[in-house]
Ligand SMILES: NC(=O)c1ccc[n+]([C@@H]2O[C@H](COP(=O)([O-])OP(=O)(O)OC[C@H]3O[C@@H](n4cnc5c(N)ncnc54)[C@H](OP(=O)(O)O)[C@@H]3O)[C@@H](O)[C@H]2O)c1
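One chain follows as structure tokens, the form predicted alone.
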């Protein structure tokens, strides 16, 4: 069994591993437990799931198979916008915990904003889950600057993160500045833009310099920034091991600057028409 590899990010009493294993959309569900278990055996100590993903049961099975103490694994799950009403929210949390086989998660997120339900109601349900001991920490996901401003004003318990699409091909400077203003971690989903930048000449050249893969360079660029965590998915054993191999080297300042410039591509890969908010301007 491997020791944890990723550093911890500390905020508001939380100690969250900077690298998590994302569990969205397994094309071969029968391999899901095997892959999650391998991640844990490889040193991952943060598993990111959601009610909408349908992967919570597999996460729980892999955790039990790993033999790791519960307190050694950080589990994040999320409540879909379809369950934004307080009663529905509470039922979703109970269903998630039953699927996971856990009595609490380490982080509970509002998965997407719901414009048809007052945000104050959903935030109240989120805070109640924390007060009831069902979640150690709470946060939001896919929140824009105006939504974040509202959430920070109205949530009765401290939030620790905003999980957003962030990678080398999208500029999120203003939103990240807002997260830092509120002392929130930035957690990146789709940190490789579904592979969109992996053939970019800038990233390919830097990868050759460090004897690393383009994916490792793109992920390293993220975690080398202050208070940024990543939750990449990996659908092969080799990808799991590749994604965790980013903590034994450092990008030079000039390399960070070169990758920064790629954000002008402004490519958003997570943009579901049925639930997206009005995104912040770059």
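Positions refer to the first chain, counted from 1. Everything numeric here is computed off the predicted structure, so don't read it as measured data.
What follows is about the form predicted in complex with the ligand, which we do not show.
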Note which of 83, 161, 142, 172 lies within 4.5 Å of the ligand in the predicted bound form, where distance is taken over heavy atoms; exactly one does. 142
I'd like to check something about residue 195: if you look in the predicted bound form, is any of its heavy atoms closer than or equal to 4.5 Å to a heavy atom of the ligand? yes
Is there a heavy atom of residue 242 no more than 4.5 Å from a heavy atom of the ligand in the predicted bound form? yes
Please tell me whether any heavy atom belonging to residue 233 falls inside 4.5 Å of a heavy atom of the ligand, as the geometry stands in the predicted bound form. yes
Can you tell me whether residue 111 touches the ligand? I mean in the predicted bound form, with a 4.5 angstroms heavy atom cut-off. yes
Mind telling me which stretch in 184-192, 127-135, 88-96, 143-151 gets its heavy atoms within 4.5 Å of the ligand in the predicted bound form? 184-192
If the criterion is a non-hydrogen atom within 4.5 angstroms, does every one of 11, 73 and 106 touch the ligand in the predicted bound form? no
Any residue of 23-60 with a heavy atom within 4.5 Å of the ligand in the predicted bound form counts; write them all down in order. 23, 24, 48, 53
